[in-house]
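Just the one chain here, laid out as structure tokens, in the form predicted on its own.
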């Protein structure tokens, strides 16, 4: 997968820029506040049709004084070239693939796949469970674009079910309909996450050893926190009905509690991902440096996982990563990236010297919303 060219118009602080990147490494250098992260955000938007910034709205994606933003890219994947265009207005987005409007977003997902790592990702392991669920869901989405649609179905059912549970008098027949839909989509989400975690864990362990430290064993466990006891992962992955039965039994068990609280207390929207180093939970015991290293290893392992299991590599976006790592870990990271035979990477930095790459690269200066090759 290669991004061959990209053009941005009236996006964030970019009035009009065009970039033809290198097929391997692309370094965007410049002072803070010049637009480096905005450029990575544009790439992410062309992949997921949403921003990786939690506070981003359609209106603030548009350059001040403009009516809409336009993002266009030419992408090569599997020997085929595709053109992607994303139009962003104050009230919504329109996506085009090869100049044809995309009506079903599921048909677009998978056109461009990216993995992003930035300073805010420290919160993945230190923050709330929702941050960790976001990580695993983005990784699954890169492997299985249909997961985006499945997640939307689950979220819609959950929203409707919670609204019904808040009613003073609950319609039992309607709740039964929502329960059936909740079990169907919830089981799909849960099985996807369990499958990913089981195959991803050994890749993460190898990656952490290779980049950062052979002295630590990196572990990752998916925990359905609403269950009584632990889940039989092997059985869950072999039998669709097993997971559906677990969800149905849990709904029956918590029926009175849900009616009292007015919201759904079981299901994959309440689950967590537990990361460990030598058996101790990262969130509670790891240093800041170890935590950053673990998260970056998760991102790199995601790319390796996709290469090994699905035979394609997403584009890696590293936002000011060198400022988050000590010198030794920074060197290990770039040694690892150089030793990979392929894969396009975009790296932002305030200091070019922090990026330990000398070959197969193109350097861009970002200044006041302009990008030029240097």
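Small disclaimer: the values here were computed from a predicted structure and weren't measured. Numbering follows the first chain given and starts at 1.
Same protein, other form: the form predicted together with a small molecule, not shown, and the subject of what follows.
Quiz item: Do residue 37 and the small molecule come within 4.5 Å of each other in the predicted bound form, heavy atoms counted?
Solution: Output for residue 37 is yes: heavy atoms within 4.5 Å of the small molecule.
Practice problem: Evaluate residue 365 for contact with the small molecule in the predicted bound form, applying a 4.5 angstroms cut-off between non-hydrogen atoms, and reply yes or no. | Solution: Heavy-atom contact with the small molecule at 4.5 Å: absent for residue 365.
Quiz item: Wondering, does residue 63 line up within 4.5 Å of the small molecule in the predicted bound form on heavy atoms?
Solution: Close contact exists here: in the predicted bound form, residue 63 approaches the small molecule to within 4.5 Å, heavy atoms only.
Quiz item: Would residue 53 sit within 4.5 Å of the small molecule in the predicted bound form, counting heavy atoms only?
Solution: Answer yes; at least one heavy atom of residue 53 falls within 4.5 Å of the small molecule in the predicted bound form.
Exercise. Given that the partner is absent here, state which listed stretch (339-347, 326-334, 310-318, 27-35) has heavy atoms within 4.5 Å of the small molecule in the predicted bound form.
Key: Going by heavy atoms within 4.5 Å, the stretch is 27-35.
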